[in-house]
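Next up is one chain by itself, shown in structure tokens, the form predicted on its own.
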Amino acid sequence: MLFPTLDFALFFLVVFAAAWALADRAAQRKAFLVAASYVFYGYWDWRFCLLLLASSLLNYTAGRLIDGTPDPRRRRLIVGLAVAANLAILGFFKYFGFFVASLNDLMFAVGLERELPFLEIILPVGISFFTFQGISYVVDVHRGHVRASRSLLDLLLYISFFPQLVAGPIVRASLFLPQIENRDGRSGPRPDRVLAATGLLLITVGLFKKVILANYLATEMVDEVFFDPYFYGSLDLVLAIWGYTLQIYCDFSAYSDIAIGVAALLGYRFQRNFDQPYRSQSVREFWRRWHISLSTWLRDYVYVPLGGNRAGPGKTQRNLMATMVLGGLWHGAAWNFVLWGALHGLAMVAEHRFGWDRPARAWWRQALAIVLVFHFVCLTFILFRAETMEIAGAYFAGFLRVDQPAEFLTPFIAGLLIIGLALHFIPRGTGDFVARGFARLPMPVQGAAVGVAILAIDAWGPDGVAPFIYFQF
């Protein structure tokens, strides 16, 4: 079920009305939201719901065992087994085919031509996101950052809550569970505390970024160029990779905006997941602004356990590389994602080694750093977008075809690129300022304004609704 569809609109209207009708009955409200979340997830394939339930039961049981075990060694054993079980589930569904294919290639290269059996495995939507939430939960219980939930219903809702279920943001239990704990027989959300104006604006902005910016950039240029980069000259290839860099931001941040907005309308608070990443002056800063819930997850559950920056420059650089390579592999079971992560790791190691991650003072140095980092991100996104390493190689080689005229240098494409870039340089606090002004309007006026905006977006957008890019991860 995709956000920018009539199906989701009808689904959410029912959920919104029922959830607030149950506002004074905590258990019934949570049970309803769990059921609604499973309906949402089962819309793709009902069998996925069994995996989601298994993941929830695994992490609920592990949390209770950790919380009830005083012996530190046994606690470490339980958390280790729980993390291993989560990773085994993720590895089987997401990486089995990749490792079998890679091992077959290796065996063929050394002269062992026996081919290992290959299984056709359907990748469950959003498995990386809810698996990482499960891992963060059991690790945080072990670390004492959050108490193990005694309510299975609470844990089911935490793992399955539909706004962020399939494409994030990755929500920490320490943020979400306190919002759904019972207080005097009532659940956390209160109608008078809901940031309705903020939620409505986030949903509207998200729809604009997805339906107008991301979809038009994809259909009018990016998909065509990446399908056959051999056919295009250097200027079209540059425009297309600028376009894809803005498309993936608009696409993924749109999902996060809508998810955060939908959760807000139901009374729950999520943290922001993007913070104008293309104005970054270093690759390290880029990762503090891009997919914040993943980058902080990798920091807290991979980089820090490896030793972080506590063991000297050499091991710090090793830990950075390992974290970024694993981050690349998280995005997809292919060598181009591994290389993409490794290049970001090398860039961060170089910044750390030479002090390039320190903020510049002169305005021209800041501008130069932003341009350089943006184009580094653009070039590495070629590996991210290309379906094979061969296509990526052809794309890079095409930059030498400077004699071909540009096909996509049109006012419409230029306008999309300018708007996409401009989103990164809007002054901080603009969104909050607009939300406060919007909140002062009467609710019927707010609803009418949002309704008109959504109808306009639907009318101006291209036909059909493309899936969000991060559904594949």
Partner chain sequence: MTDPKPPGPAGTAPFRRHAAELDLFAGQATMPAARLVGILAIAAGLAALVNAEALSVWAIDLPLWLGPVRTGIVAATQAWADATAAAGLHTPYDAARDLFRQFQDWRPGE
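Residue numbers count along the first chain shown, from 1. A quick note: this is a predicted structure, and the numbers were derived from the prediction, not measured.
The same protein has a further form, the form predicted together with its partner chain, not shown here; the description that follows concerns it.
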item: Three-residue site Leu10, His145 and Met443 fully in contact with its partner chain in the predicted complex at 4.5 Å by heavy atom; value: yes
item: Residue contact check: Tyr303 to its partner chain in the predicted complex, 4.5 Å heavy atom; value: yes
item: 4.5 Å heavy atom contact, Leu455 and its partner chain in the predicted complex; value: yes
item: Residue contact check: Tyr158 to its partner chain in the predicted complex, 4.5 Å heavy atom; value: no
item: Partner proximity in the predicted complex: Ala435 to its partner chain, non-hydrogen atom cutoff 4.5 Å; value: yes
item: Location of its partner chain contact in the predicted complex, chosen stretch of 49 to 57, 425 to 433, 62 to 70, 34 to 42 [non-hydrogen atom, 4.5 Å]; value: 425 to 433
item: Contact residue in the predicted complex, from Val349, Ile292, Leu329, Leu343 (heavy atom within 4.5 Å of its partner chain); value: Ile292
item: Listed residue (Arg358, Arg310, Arg150, Arg74) with a non-hydrogen atom within 4.5 angstroms of its partner chain in the predicted complex; value: Arg310
item: Heavy atom contacts to its partner chain in the predicted complex at 4.5 Å, residues of 397 to 426 in sequence order; value: Thr410, Pro411, Phe412
